[in-house]
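Form predicted on its own, single chain, as structure tokens, below.
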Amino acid sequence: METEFTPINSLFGGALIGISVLMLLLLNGRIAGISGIVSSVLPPDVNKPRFFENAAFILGLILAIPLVVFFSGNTPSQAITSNAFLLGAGGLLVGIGAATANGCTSGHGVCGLSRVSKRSIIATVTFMTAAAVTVFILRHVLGGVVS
């Protein structure tokens, strides 16, 4: 499977992520950890403070996709497996990892690294290593038979 090389789009997207994270920190004094924000709108936390603020943040993440399609005129291509077992196992492992690490890629990888947090550096190295090993096994050891 080929991967598109889009440095301009990637730079623009990264800049938008950085700006939004900085705005959340400066305007609300909060770290943009998506797993924490999502978990705060699920039971039993639905009556906690900032529920509607967090729900609006999640809605903004979801609405960003159709907005990109509307303004750019083309749908971004995304290739994922159709194997329900792999999708479920992957989601479960990501959830366990985020819970174990007390944060996800956005909280540790984007916000924690920029603050030079030792815990975030260790978490980011751990999940990036796990991702690299997983891709290597799926593409080179199993030869792409898992699709």
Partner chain sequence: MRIIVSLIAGLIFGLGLVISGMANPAKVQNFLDVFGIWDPSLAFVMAGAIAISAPGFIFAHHSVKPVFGSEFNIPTNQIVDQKLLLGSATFGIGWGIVGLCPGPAIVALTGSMSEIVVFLAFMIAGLVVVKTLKSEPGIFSTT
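Residue numbers count along the first chain shown, from 1. Keep in mind that what you see is a predicted model, and the values were worked out from it rather than measured.
The same protein has a further form, the form predicted in complex with its partner chain, not shown here; the description that follows concerns it.
- Taking non-hydrogen atoms only, Pro7 approaches its partner chain to within 4.5 angstroms in the model of the complex.
- Contact annotation for Phe70: none of its heavy atoms lies within 4.5 Å of its partner chain in the model of the complex.
- Contacts with its partner chain in the model of the complex, taken as any heavy atom within 4.5 Å, map within 91 to 111 to Gly91, Leu92, Leu93, Val94, Gly95, Ile96, Gly97, Ala98, Ala99, Thr100, Ala101, Asn102, Cys104, Thr105, Ser106, His108, Gly109, Val110, Cys111.
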